[in-house]
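Coming up is one lone chain in structure tokens, specifically the form predicted alone.
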């Protein structure tokens, strides 16, 4: 469904909401848990629906929750996910219209997405093939090398957030390539190391809910957003 019209661009969003949330525990995937009186997924959907430059939203979810998501989010297109996150992302990208010019891929478990991050991601794609928000690391990072440990320079490392944004054909080509990546930026760079990627400053609020402790923190942030 088209949310906003723009004769020059067609900007689409794929929200990946097919995970089972095994690290959280319980029977209900975290994207469908309640947070501040609404589903966690609702926050991301609202953020994109409120943005004037987003033209359509595709939610990728598991077969078990397909009807629920279709009923709860009638303004979005809903498609079944795959076995892996990459499979689900590919299904969402395939559901985008052929004339889509930019595609953003967002994790449903990141509820506190700002309009500024969406703005920066879309603007960067006028010049770069891909873009994503990142944050510097606060902890000391070590890497296992054989039987020893090697300390990494955290000043050169960044934590990726979503949405990861792409010129549409760049992302489609990466999915067609057959390579494997843990996220879409990694997929693009593995399939095309020369791709031009822009990383910009993200937000501490844009964290991913993975554990029960994350959910407790999210409840505090949600209360702040409502105040």
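Positions refer to the first chain, counted from 1. What you are looking at is a predicted structure, and each value in this text was computed from that prediction instead of being measured.
Keep in mind that the form predicted together with a small molecule is missing from the display, and what follows is about it.
Undergrad: Using heavy atoms and a 4.5 Å cut-off, decide whether 17, 82 and 208 all contact the small molecule in the model of the complex.
TA: All of them do, each having a heavy atom within 4.5 Å of the partner.
Undergrad: Answer with yes or no whether residue 129 is in contact with the small molecule in the model of the complex, where contact means some heavy atom within 4.5 Å.
TA: Close contact is absent here: in the model of the complex, residue 129 is far from the small molecule, nothing within 4.5 Å, heavy atoms only.
Undergrad: Answer with yes or no whether residue 107 is in contact with the small molecule in the model of the complex, where contact means some heavy atom within 4.5 Å.
TA: Answer yes; at least one heavy atom of residue 107 falls within 4.5 Å of the small molecule in the model of the complex.
Undergrad: What stretch, of 70 to 78, 84 to 92, 120 to 128, 137 to 145, brings heavy atoms to within 4.5 Å of the small molecule in the model of the complex?
TA: Comparing against the small molecule in the model of the complex, the contact stretch is 84 to 92.
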